[in-house]
Structures are given as structure tokens and as C-alpha cells.
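As C-alpha cells, one chain now follows by itself in the form predicted alone.
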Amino acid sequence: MSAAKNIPSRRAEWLLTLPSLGWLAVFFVAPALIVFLLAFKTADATGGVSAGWTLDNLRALADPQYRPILWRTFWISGTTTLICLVIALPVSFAMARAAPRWRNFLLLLIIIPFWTNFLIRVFAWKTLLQSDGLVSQLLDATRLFDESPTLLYNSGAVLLIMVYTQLPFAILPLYAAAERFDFTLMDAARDLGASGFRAFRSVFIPGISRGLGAAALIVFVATIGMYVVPDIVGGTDSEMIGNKIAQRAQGDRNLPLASALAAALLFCVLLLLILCSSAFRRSEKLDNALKGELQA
């Protein structure tokens, strides 16, 4: 009887899920398949796609010119993710511990940057970092440098603005996890002799591990395909794989090669998502096993 009762509920779940599945299929799965198929096509002289099939685009991925760019893409994305998490952890902790009347105000401060166009914010940073900008003038006033340091068109500028643009995406999921955290566990750890930092590290961080993983994935996936920030404030030594995809698609008008690069990047992201999902499942099983032993 229970199995028969579950059939209508499962059917209702599928009906409720169908619009979302259809949206994902049309706007995510189908474009990804088109990009994958284009990677095996050949480009014609007019910038279009010819009827032939080839593996040359995949072989071109082994070109040595892409290796430093791929490495730079991963280290900038990974460093951006790490810095965002380091900043977002104490911020989310403070927001969750704040008085209820202050939480909405602090949350509003995090969301305010979204009210301004992304490009405007990047160009605003470019204005601040240029040779006669406010930041350079402040550094000159300190007289710490004989010559004004170059703040633009390098990997440091790309990393700075990446962190600025992606920090809200790290804070919001961490705050959502911290808001549900039972802070009496930290108080208990303090009562047992743990310092504030030890309780934060050993109790709070493991307690919001799922939010931490979600924040890391959101920031890393968003930055690994970024090309706008390196294109505006980066130089030739700070190109990322997204810049190469844009160059092949727009400058060279070689859509198959751009698709091959995009497919390789998509494969890396999917592999990362699969590994993280597997790690989360193992962690959840371990937590459930430990809870079962404690209850027994």
C-alpha cells in the first residue's frame, strides 16, 4: 500500500520539476551539446562552419601556447576563491551573530553592488587604479615608493577585481549556512576550554561545511570562465582561457576552435562538480554513520 501511495506523490514531484528540467534542457544542456558538436566541425573562410568533421580542433588544444594560460586560469580562479572564502567566513559569522535588527542592514550592504552594472564597477576600479587615479595618489602621498607602482594591466589587478566582484557570491551562501548554525555548540566548546579561534575553527567551520563547499563552487565556476576583467584591467601576461575563447570566436572568427576550448573548460568544470558532489555524499554518509553510533 505504501508503494502505491508513493506513486502519485512521485508523479506530482515530476510534474512540479518538469518546468525546471525543461528550462535547463533548453538553455543549458542544448547549448552545451551544440558547443560540443561544433568542436568537431571545420571553419570556413567567411567565419562560419563548414560541413566537414575533423579532430584538428581537439589536437590544437595540445598547443604549448595554451598551457601557461590554462595554468594561469586555474591559479587565479583558485586564489580568488580562497581569498573570498577567507574574507567571507568571518563576515558571515559576524552577520549571523549580529542582532536581528542589524542583519537585514548588513545583508543590504552585501547586495548593494548588484544594483550597479558589472562593467561600470570594473571600469570604476580601472579609474581608481590607473597612474593618476586615487589609489596611486594615496600611495605617492605615503612616500613608500620611489616610483609609483604599476597597478593596472597585470595579474594583481585581475585578482583584486575578481575578489571584489565575486565576494558577495561567497558571503551569501555562507551567511545562509551560518544563520542556521547552532551557536550554543561554540559556547559549549568555550566552556570546555577551547579558545575563541579554536571553537571557530573546529566547531563553526565544520558546521557550515556544506555552505562552504557551495560558496567555493559558485566563486570558482564563475571565475574560471571570466574574460571581461582580464580583458579590461589585465595585460598580455594575465590572459585567461576565457580571453582565448573570445579571441577565437570574435577576432579569428574560428567558431570550431573556440568551441573546442569552451568544451575543454566545460569538461574541467563538470569533473570538478562530480568530484565535489562525491565528496559531499561521502561526508554526509560519514556524518549519518557517526550520528547513528552516537544514538546507539
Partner chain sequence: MKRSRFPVLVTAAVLLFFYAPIVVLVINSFNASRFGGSWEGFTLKWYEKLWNNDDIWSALWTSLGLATLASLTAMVLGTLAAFALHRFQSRLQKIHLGTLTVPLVMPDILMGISLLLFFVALGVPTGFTTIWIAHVTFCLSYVTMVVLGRLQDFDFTLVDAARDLGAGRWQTLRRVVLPLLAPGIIAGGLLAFTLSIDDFVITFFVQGPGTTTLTLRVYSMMKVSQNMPVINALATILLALTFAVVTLSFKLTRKQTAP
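What you see is a predicted model, and the numbers here were worked out from it, not measured in a lab. Numbering follows the first chain given and starts at 1. Whichever C-alpha set is largest while still superposing within 1.5 Å between the two forms counts as the rigid core.
Just so you know, the form predicted in complex with its partner chain exists too; it's not on screen, but the next bit is about it.
Interface residue among 216, 172, 203, 160 relative to its partner chain in the model of the complex, by the heavy atom within 4.5 Å criterion: 160. Looking at residue 79, you'd find every heavy atom of it more than 4.5 angstroms from its partner chain in the model of the complex.
Using a 4.5 Å cutoff between non-hydrogen atoms, residue 144 does not count as a contact of its partner chain in the model of the complex. Heavy atoms of residue 17 reach within 4.5 Å of its partner chain in the model of the complex, making it an interface residue. Remark: residue 97 counts among the residues lining its partner chain in the model of the complex, judged by a heavy atom distance of 4.5 Å or less. The candidate site formed by 125, 191 and 232 is fully in contact with its partner chain in the model of the complex, as each residue has a non-hydrogen atom within 4.5 angstroms of it. Counting a residue when any of its non-hydrogen atoms is within 4.5 Å of its partner chain in the model of the complex, the hits in 29-62 run 29, 30, 31, 32, 34, 35, 38.
The Cα position of residue 50 differs by 2 Å or more between the shown form and the other one after fitting on the rigid core. The rigid-core alignment places the CA of residue 29 2 Å or more apart between the shown form and the other one.
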